[in-house]
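Take a look at this one chain, the form predicted on its own, written out in structure tokens.
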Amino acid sequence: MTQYAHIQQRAYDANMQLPKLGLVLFTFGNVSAADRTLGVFAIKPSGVPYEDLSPEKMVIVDFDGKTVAGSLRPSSDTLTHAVLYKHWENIGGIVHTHSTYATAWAQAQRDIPIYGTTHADHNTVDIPCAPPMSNEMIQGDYEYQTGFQIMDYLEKKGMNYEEVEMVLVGNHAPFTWGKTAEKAVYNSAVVEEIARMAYLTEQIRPQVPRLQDSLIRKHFERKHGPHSYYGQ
């Protein structure tokens, strides 16, 4: 057992949930799990099929994106994870997938409108879609800049990363996060299902109105408000 074994196991377990939940095809995704005390995170190695993964293969990286331990190259999205961990001190897990419906909304460069109570159970706002990066950012340190693209857009929208734990990156795909890797995976599954529901809703009724504010507040607050009563 090494000092990183606990986060390698957490990262492995979380990564293995992605194919089970239908959120990835082949190697189209990654999860990381952080240890704030050690100042590092464990992340999936780049391009390794899920069936070939093991806890020991999870790569340990610091919050500057430098590999600390591991014999494999970390995910190509590692610098995006590193930027978010470095600047958002209260997150412990990050997920990036190319799940079908959420990615379709990202490719359409559209926020996912809040149409129903399933969405309101998790967010009181549309799921934001950051605009595609500029040519200069793309031609620079692309993955590093992706982290800032996410942070800057949430700040521009006046959104708190601890309240809105999911975002689409225009022309790219979704990123989610949470206090743990498990919560980040949960959020990844949620954004995909909300994206699917919103797409189907617009097919049935193209001019559908957004959910009324009273229902948004009721459904969010019964789960997350000071007087929440959902669950045991």
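Sequential numbering from 1, following the sequence displayed. Source: prediction; values computed, not measured.
As for the form predicted in complex with another copy of the chain, it is not shown, yet the points below apply to it.
- Although the partner is absent here, residue 143 is a contact residue: one of its heavy atoms lies within 4.5 angstroms of another copy of the chain in the predicted bound form.
- Within 4.5 Å of any heavy atom of another copy of the chain in the predicted bound form lies no heavy atom of residue 37.
- None of the heavy atoms of residue 151 is located within 4.5 Å of another copy of the chain in the predicted bound form.
- Within 4.5 Å of some heavy atom of another copy of the chain in the predicted bound form lies at least one heavy atom of residue 103.
- The three marked residues, 27, 47 and 189, each reach another copy of the chain in the predicted bound form, with a heavy atom inside 4.5 Å.
- Within 4.5 angstroms of another copy of the chain in the predicted bound form, the stretch 212 to 232 places a non-hydrogen atom from each of 212, 214, 215, 218, 219, 222, 223, 228, 229, 230, 231, 232, taken in sequence order.
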